[in-house]
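First, one chain by itself: the form predicted on its own, in structure tokens.
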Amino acid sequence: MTTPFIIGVAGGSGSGKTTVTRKVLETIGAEMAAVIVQDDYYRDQSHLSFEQRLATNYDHPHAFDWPLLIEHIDELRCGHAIEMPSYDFTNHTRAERTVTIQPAPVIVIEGLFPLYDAALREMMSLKIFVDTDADVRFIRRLKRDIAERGRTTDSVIEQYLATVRPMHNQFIEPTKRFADVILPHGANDPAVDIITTKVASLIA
């Protein structure tokens, strides 16, 4: 393939997007795919105080560095390696280290908003929305944020009620209409198997 096959995997926090991405990699081989995690493209906030960073609405599309994300996808499409940023969720700003991502036949863009931006959607060969019940998403988010991001139960609940739930309803859920494939009940095996088999056949 001369042009990479670009897959957008969107859905709410805790919906199972990472599971879908992992199964794609297991099917085609990790060396065949470049994975772009949209969470690492939160805007740099090193110029703000820690208190100001805490006040950021991380569930709003404006929290992301869209120009850099689109630039990096363009670079990968042209066969150039990129230095993907990484985000420090404890200090709420971009980390100093970057991750080198090599171009590959398949590019997977995983996150809350891959289907939100029209320019990004235009680059995609396949648009997926992982649709999971809200209670399941909340439980998964709670466990993850406590275990991986040093959060307290109260802070996770407060953020969920203040921004996560309303932003999901306002911005994430509506992008479902742009999807080519909607996975009901999250990353269910039959649906994911169909997708991964199709992708594998295209790059064989």
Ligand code: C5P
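Computed from a predicted structure; not experimentally measured. Residue indices: 1-based, along the sequence shown.
Note that the form predicted together with ligand C5P isn't included here; everything after this is about it.
- Three-residue candidate spot Y87, R151 and V164; every residue lies within 4.5 angstroms of ligand C5P in the predicted bound form by at least one non-hydrogen atom.
- This chain is displayed without ligand C5P, yet in the predicted bound form the stretch 156-164 from 23-31, 174-182, 156-164, 66-74 comes within 4.5 Å of it by heavy atoms.
- In the predicted bound form, ligand C5P lies within 4.5 Å of some heavy atom of G14.
- In the predicted bound form, at least one heavy atom of Y42 sits within 4.5 Å of a heavy atom of ligand C5P.
- Put simply, L112 is close to ligand C5P in the predicted bound form: some heavy atom of it is within 4.5 Å.
- Though the partner is left out of this view, H92 does reach within 4.5 Å of ligand C5P in the predicted bound form, counting heavy atoms only.
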